[in-house]
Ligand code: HEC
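Starting off, we have a lone chain in the form predicted alone, written out as structure tokens.
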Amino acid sequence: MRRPLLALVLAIAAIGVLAAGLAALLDTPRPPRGASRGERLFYELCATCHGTDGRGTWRATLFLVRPGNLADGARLGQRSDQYLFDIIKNGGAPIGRPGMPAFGAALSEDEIRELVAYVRELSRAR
């Protein structure tokens, strides 16, 4: 009688440790203190796939999504602010990039502009 109970307790403890480890790995990063509104929006909505540095994350790879490298200044320099605004607002599906969700319903146009400005900062910082 004691062995099955001990096995059950150990199994529950192992599941708890595994769940805590996964929660720590999958937790969304927090923006630094004093972050601009655009940076806070980026951390909240974009960092899960694009990473805090804009280069992409392993989390996106788990879902077979290849997010664009927002730290690539040469590549991003070829895109207009209007292009970035449109892809954030309408998502990537209209232009053949279905992995990028649309945020037009969740963000105001001013917030999207601030996000575009922060993405530009990411591409210049590297």
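Bear in mind the structure is a predicted one, so any value in this text is a computation, not a measurement. Don't overthink the numbering: it's just position in the shown sequence, from 1.
Keep in mind that the form predicted in complex with the ligand is missing from the display, and what follows is about it.
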Worksheet item: According to a 4.5 angstroms non-hydrogen atom cut-off, is residue 30 in contact with the ligand in the predicted bound form?
Response: no
Item to complete: Report whether the minimum heavy atom distance between residue 79 and the ligand in the predicted bound form is within 4.5 Å.
Response: yes
Discussion item. Is it the case that residue 37, even though its partner is missing from this view, gets within 4.5 Å of the ligand in the predicted bound form, heavy atoms only?
Written reply: no
Discussion item. Check residue 56 for me: does it contact the ligand in the predicted bound form (non-hydrogen atoms, 4.5 angstroms)?
Written reply: no
